[in-house]
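Only one chain is given next, in structure tokens, and it is the form predicted alone.
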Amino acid sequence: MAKKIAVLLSGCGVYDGSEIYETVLTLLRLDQSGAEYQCIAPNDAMMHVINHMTGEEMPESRNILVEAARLARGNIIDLADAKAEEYDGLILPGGFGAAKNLCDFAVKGTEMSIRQDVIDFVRSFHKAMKPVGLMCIAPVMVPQIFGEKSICTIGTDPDVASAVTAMGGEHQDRSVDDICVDAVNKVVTTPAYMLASGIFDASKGIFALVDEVLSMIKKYN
């Protein structure tokens, strides 16, 4: 039976949602590996909307779920309706949406909070001993979700790495083509566009992350 992976999105677009290339590479590798996937997102307003040509904030409001549906070709469900028991693992692509819409690290740093529905959903995988993969900036949520001494990487950025440590996590530097594995918590992280110079560069670590998540499912089932 094919493994089924939940992919938790935060909108559509690097500056205010899920990073598009990271998401597509994740879905591509899952499909290449014969795994099924279901895209999921919170049904709520985005923190703000960014013009991706100018980088400026736009005077409008958009919905996280509706925007994320663009990446999923419409095949997406509300986080409120998602159940961890229906999936074998979970992956969270990056993009500023992970740090703005799933949590508020982008504005509050180490004083950040994570949406309660996101905490509950991710922890439900952890409690069931199912693997969780996070990439790019998304691993900043690891310490608050998985607890002190949980291990992750965001690459080599000293400021973000220090923030992870300040929140109780253990940060390990990794290159763009590498992954960091917390075997105790079954958490896999990779820098992706925290370091990637292009889509091929990003694909190396993302493919490795997907492969490791799927390998953990086979190992622990």
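Keep in mind it's a predicted model, so treat the numbers as computed, not measured. Residue numbers run from 1 along the displayed sequence.
Here the subject shifts to the form predicted in complex with a further copy of the same chain, a form of this protein not shown in this document.
*Asks:* So in the model of the complex, does residue 49 come within 4.5 Å of a further copy of the same chain, heavy atom to heavy atom?
*Replies:* Flag for residue 49 set to yes.
*Asks:* Using a 4.5 angstroms cut-off on non-hydrogen atoms, would residue 70 count as touching a further copy of the same chain in the model of the complex?
*Replies:* Although a further copy of the same chain is absent here, residue 70 would touch it in the model of the complex, with heavy atoms inside 4.5 Å.
*Asks:* Evaluate residue 62 for contact with a further copy of the same chain in the model of the complex, applying a 4.5 angstroms cut-off between non-hydrogen atoms, and reply yes or no.
*Replies:* It does: once a further copy of the same chain is placed as it appears in the model of the complex, residue 62 has a heavy atom within 4.5 Å of it.
*Asks:* Heavy atoms within 4.5 Å of a further copy of the same chain in the model of the complex: does residue 32 have any?
*Replies:* Because a heavy atom of residue 32 falls inside 4.5 Å of a further copy of the same chain in the model of the complex, the answer is yes.
*Asks:* Answer with one of 179, 27, 40, 164: the residue that has a non-hydrogen atom within 4.5 Å of a further copy of the same chain in the model of the complex.
*Replies:* It is 27.
*Asks:* To test your reading of this chain, name the stretch in 73-81, 104-112, 139-147, 126-134 whose heavy atoms come within 4.5 Å of a further copy of the same chain in the model of the complex.
*Replies:* Only one stretch qualifies here: 73-81.
*Asks:* Does anything in 1-24 come within 4.5 Å of a further copy of the same chain in the model of the complex by heavy atoms, and if so which residues, in order?
*Replies:* Counting only heavy atoms within 4.5 Å of a further copy of the same chain in the model of the complex, the contacting residues of 1-24 are 12, 13, 14, 15, 16, 19, 20, 21, 24.
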